[in-house]
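Single chain ahead, written as structure tokens, the form predicted on its own.
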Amino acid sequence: MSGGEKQLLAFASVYAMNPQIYVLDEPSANLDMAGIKRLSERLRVIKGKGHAVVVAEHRLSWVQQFADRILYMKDGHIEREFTPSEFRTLSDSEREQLGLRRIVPEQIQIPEISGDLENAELKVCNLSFKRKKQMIFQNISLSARAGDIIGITGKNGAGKSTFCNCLCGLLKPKGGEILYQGKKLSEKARTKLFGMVMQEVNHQLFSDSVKNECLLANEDASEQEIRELLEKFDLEEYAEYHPMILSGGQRQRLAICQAVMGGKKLFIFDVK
């Protein structure tokens, strides 16, 4: 199952127990819009039956639609409390100062592709992957130049994570090839070239401190280099902390630091 499907399954297992109080820690993190809609519908039913629901969330556009109280937490304590109407009257600049996202779905403008892709550094040609008898994806081709950012979207279970795992060498495709600067890459070569931030970022954190995670990526890195990189990702004060003490977002940033410190040429972010 995909990350989003597993997340819905976890909610379903709790729902089946019919608890009086539900505590949801970023329940929409890996869900597509259909999954968020299903989750919202279930929470409305739960609320209507008199159950209490506590939701910790960054995505405010869906949760503020049914929340009765909104608590703003900072530095380990509740700093402000809003009614839904009070929260909706906050300006964009006020929310940004609080470090919060918009309360309406963001609209993005995707620029047209420009330039010559024939000379792209990365080429994926007819890539396919099959798990047992199920074809997960088939004949995917794309190209990328240095500096390009490519977004891969789709419903939960569409094969996005599997495709990313094939790109970076964690899975062996059943067909097709991946070339970098005209040279076909083996799975081993791709693990050295690609840096990846997984949905389950805990699977790629192994050391006993944030600083040592960076050293695992580059044992020749100096203390100053590591500190400067961690500072750029707002992690310098946690250099001596165990990675499991960090929040989910901080661990994701640490995984990016690993890729940067390891000198990776291509980055894959398998996150929502």
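Note that the coordinates shown come from a computational prediction; the quantities given were computed from them, not determined experimentally. The numbering used is simple: start at 1 and walk along the sequence shown.
The discussion below concerns the form predicted in complex with a small molecule, not included here.
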Next on the checklist: Considering non-hydrogen atoms and a 4.5 Å limit, does the small molecule approach residue 134 in the predicted complex?
Outcome noted: yes
Checklist entry - Is residue 158 close enough to touch the small molecule in the predicted complex, meaning at least one heavy atom pair within 4.5 Å? => result yes
Checklist entry - Any of the heavy atoms of residue 30 lying within 4.5 Å of the small molecule in the predicted complex? => result yes
Item to check | Exercise: residue 162 in contact with the small molecule in the predicted complex, heavy atom 4.5 Å | outcome: yes
Checklist entry - For the chain seen here without its partner, which of 180-188, 120-128, 85-93, 149-157 has a heavy atom within 4.5 Å of the small molecule in the predicted complex? => result 149-157
